[in-house]
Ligand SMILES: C[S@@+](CC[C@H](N)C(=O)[O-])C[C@H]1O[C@@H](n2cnc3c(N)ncnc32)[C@H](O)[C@@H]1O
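A lone chain, given as structure tokens: the form predicted alone.
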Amino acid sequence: MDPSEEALLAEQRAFYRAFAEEYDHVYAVRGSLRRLIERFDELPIGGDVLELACGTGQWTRRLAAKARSLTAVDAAAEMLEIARSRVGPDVEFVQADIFSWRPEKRYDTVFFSAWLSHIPPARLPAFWRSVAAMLTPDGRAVFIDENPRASATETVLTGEATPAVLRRLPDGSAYRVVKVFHDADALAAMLAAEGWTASVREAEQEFIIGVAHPPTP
């Protein structure tokens, strides 16, 4: 493993633990994100659902309404505590490192929002292979993230081996966070090269929405 990449991922985890109490403010002030949430019912989500990087549960509560069962995973205990307060007792929450965690069963839908952009490019192939192993043969991955237009609102760091941005908390402390702004067409092409059947489109100017079916065994 690349020590510099490991250090960056550790810093990213520390940021989201510290940011948990402030995280929902983003949804309150960002109009495009609120409009994106309002389009949730358009997404092909159903059956047994797994949510990766659930954060404070902004999407979890909506997933619970469409799922037969729902498992939500996040590395930050602080995020999970807030998410649990948002949803009923039927959701199974798991605190785990998504890069190493593997479920005991397969799911009809694997959903992740604002997570793909936090994966170092070198880890993307392995991540997508792990998602494929989490899905039933007829399952699909559904994901939402930011496209390159969103970089205008970030402090993009130069000279980093892994794409990253600098984020500050209200107390002034600063953290580096992995951030890869995926172009819809390029991401669809990458998935196709990995054997996935994927549709990735832009939404609300600075976002992408994707639906991907895993390679046939």
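One rule holds for the numbers: they count along the sequence shown, beginning at 1. These numbers were taken from a predicted model, which means no experiment stands behind them.
If you look for the form predicted in complex with the named molecule, you will not find it shown, but the lines that follow are about it.
Here is the short version: of Val91, Val131, Met79, Val142, the single residue with a heavy atom within 4.5 Å of the named molecule in the model of the complex is Met79. Considering the named molecule in the model of the complex, the lone stretch of 182-190, 39-47, 55-63, 149-157 in range is 55-63 [heavy atom distance within 4.5 Å]. Shown here without its partner, the chain carries Phe127, Thr197 and His213, none of which come within 4.5 Å of the named molecule in the model of the complex through any heavy atom. Residue contact with the named molecule in the model of the complex: Thr71 places no heavy atom within 4.5 Å of it. The named molecule in the model of the complex comes within 4.5 Å of a heavy atom belonging to Ile98.
The shortest heavy atom separation between Tyr107 and the named molecule in the model of the complex exceeds 4.5 Å. Proximity of Val87 to the named molecule in the model of the complex: non-hydrogen atoms within 4.5 Å are absent; the residue sits far from the partner. In sequence order, Arg13, Tyr16, Tyr23, Tyr27 are the residues of 13-34 having a heavy atom within 4.5 Å of the named molecule in the model of the complex; the partner itself is omitted from this view.
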